[in-house]
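In the block that follows, a single chain appears as structure tokens, in the form predicted alone.
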């Protein structure tokens, strides 16, 4: 039996197996504990999940989260598509510069970005002061402590994530197809809408799902730019854990987000390999 096992299992797995088991225990353990809490706290049953149908506040928070994430996704992918298109068709030197700037954006903390937007868009921020100086407005415009501020901060953070899958998808396209379309008499707009855009649909779907998934877990940006007036699921989970101590409700929402993300990842895998979203090989 041992000889048969050696034929099917590489010796390298003997070295990797302990570390793999450790990762599985440390990763799956907390997830299983969350699922258990959602079914047992404060008492065994499905009462936490029944709140999805009976608690108006909870339903409103889930709807707010979904709406903001959807708007963020649409705007981010629109900007991301334009940036990716420009990068693919730019000169090699400019393409490298644009890619460098894109990667640099990942190194800036979300907390730093959020406070920067707060200083820029606040009542006494740079934008309002400039508009008042130019006599364009007579009193400060409320750019923050509302959904507008949250959307601005989230879109700014999410655009680079939208660019990645779109850029990978566009780089794999056969440019000869577009050249053939133009040689056959199609205009630039006809080539784009009838040939180029349909070929980039997998990248668009992957970008939409990636941005939407990441947006679901936003906490810092809504908390700071929303000023407590725009409550999303991640912040509500924090309130349930730290303020009201309703761990069962928090665990239920966390489980709901987990299953939602897994479902979206499964859908994404149908359109594009998940590795390519982060720049992996497409083969």
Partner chain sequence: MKQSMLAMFNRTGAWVLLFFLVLPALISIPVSLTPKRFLSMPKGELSLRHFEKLFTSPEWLSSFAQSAIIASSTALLATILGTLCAIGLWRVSSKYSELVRAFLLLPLIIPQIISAMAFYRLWIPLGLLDSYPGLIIAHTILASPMVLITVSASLANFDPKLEQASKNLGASNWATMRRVILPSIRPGVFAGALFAFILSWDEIVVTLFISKFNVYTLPRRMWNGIRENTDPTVAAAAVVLIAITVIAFGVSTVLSRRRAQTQND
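Predicted model only: the values in this text are computed from it and were never measured. Residue numbers count along the first chain shown, from 1. In this text, rigid core is short for the largest set of C-alphas that superpose within 1.5 Å between two forms.
Omitted from view is the form predicted together with the partner chain, to which the following refers.
- Interface residue among 231, 34, 58, 70 relative to the partner chain in the predicted complex, by the heavy atom within 4.5 Å criterion: 34.
- Contact with the partner chain in the predicted complex, defined as a heavy atom within 4.5 Å, holds for exactly one of 130, 184, 177, 101, namely 101.
- The partner chain in the predicted complex is not approached by residue 198, whose heavy atoms all lie more than 4.5 angstroms from it.
- Interface residue remark: residue 247 is counted as part of the site for the partner chain in the predicted complex, having a heavy atom within 4.5 Å.
- In the predicted complex, the partner chain sits within 4.5 Å of a heavy atom of residue 117.
- Heavy atoms of residue 242 reach within 4.5 Å of the partner chain in the predicted complex, making it an interface residue.
- The partner is not shown here, and in the predicted complex the stretch 47 to 66 never reaches within 4.5 angstroms of the partner chain through any heavy atom.
- Superposition of the core reveals a Cα shift of less than 2 Å for residue 263 between the shown form and the other one.
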